[in-house]
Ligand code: KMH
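Next up: a single chain in structure tokens, the form predicted alone.
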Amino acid sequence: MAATTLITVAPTGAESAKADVPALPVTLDELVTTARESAALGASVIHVHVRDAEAQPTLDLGRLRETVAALREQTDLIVQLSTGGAVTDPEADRLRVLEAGPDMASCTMGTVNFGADVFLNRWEFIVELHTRMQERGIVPEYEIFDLGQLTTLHRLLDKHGLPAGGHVHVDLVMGVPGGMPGTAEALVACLRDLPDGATFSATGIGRATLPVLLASLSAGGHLRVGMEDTITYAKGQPVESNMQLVARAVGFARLAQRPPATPDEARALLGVKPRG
């Protein structure tokens, strides 16, 4: 059982529209403010999607570089960029995300139905993403949407070696329509197939948020929360800010006697290089 809890905030995502979710941080200033306030509460990692001037999802490299620089300058959070983008983004643009030089980046372990869409992750693309991160010293977070994707992760590590930093960390994304359900039973099933020595976080989408949060803590896992995944705090109650979700996760972590990890503790856990 881990002594502390790694808390990742995923504040924006690529699915919700600013017009529908006014509290969603879409500008650089909004994102940096969210990052600073989340860090003050106990988050140690920020999982980043960026938006363009019209608040639409983008993988524009200039915006990504500007975002990484601003987050590094104004917080000590581990900066983790999404290489998933929106489900319509081409592979070349998703690979180019790494050129923004984040501390970490996501690496999804397979194709999954994503509501009415398909989130495509071919084997060749997964290998290219993994090996480019090895070359650049970027630590991956392996995103797992279904149990079989853990088998793909074993295959990847067997054929292409450990990630940058030498430590394997996965995020179990649970409750996506088309992926595994957000239940304690599904989480436990995944734990049996984790690589030896791996750590895990868990993300509950929508109404799966609280069941997954509690199941992960009870199993020794870590947490990812934020408005990318959850826009309703309780039935009929919209989320007011990402900080509301981070504060709830921190409260549960403290109740479990596993207080939030500091960014330095998180870096040591994940194999991320020290700042500077």
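Because the structure is a prediction, the values reported are computed rather than measured. Throughout, we count residues from 1 along the sequence that is shown.
Absent from the display: the form predicted in complex with this ligand. The rest refers to it.
Segments offered: 191 to 199, 137 to 145, 150 to 158, 69 to 77. Contacting this ligand in the model of the complex at heavy atom distances within 4.5 Å is 137 to 145. This ligand in the model of the complex is approached by Gly84, whose closest heavy atom lies within 4.5 angstroms of it. The shortest heavy atom separation between Phe114 and this ligand in the model of the complex is within 4.5 Å.
Although the partner is absent here, Ala253 lies well away from this ligand in the model of the complex, with no heavy atom inside 4.5 Å. The closest non-hydrogen atom of His49 lies within 4.5 Å of this ligand in the model of the complex. Taking a 4.5 Å heavy atom cutoff to this ligand in the model of the complex, the one contacting residue in 215 to 235 is Glu228.
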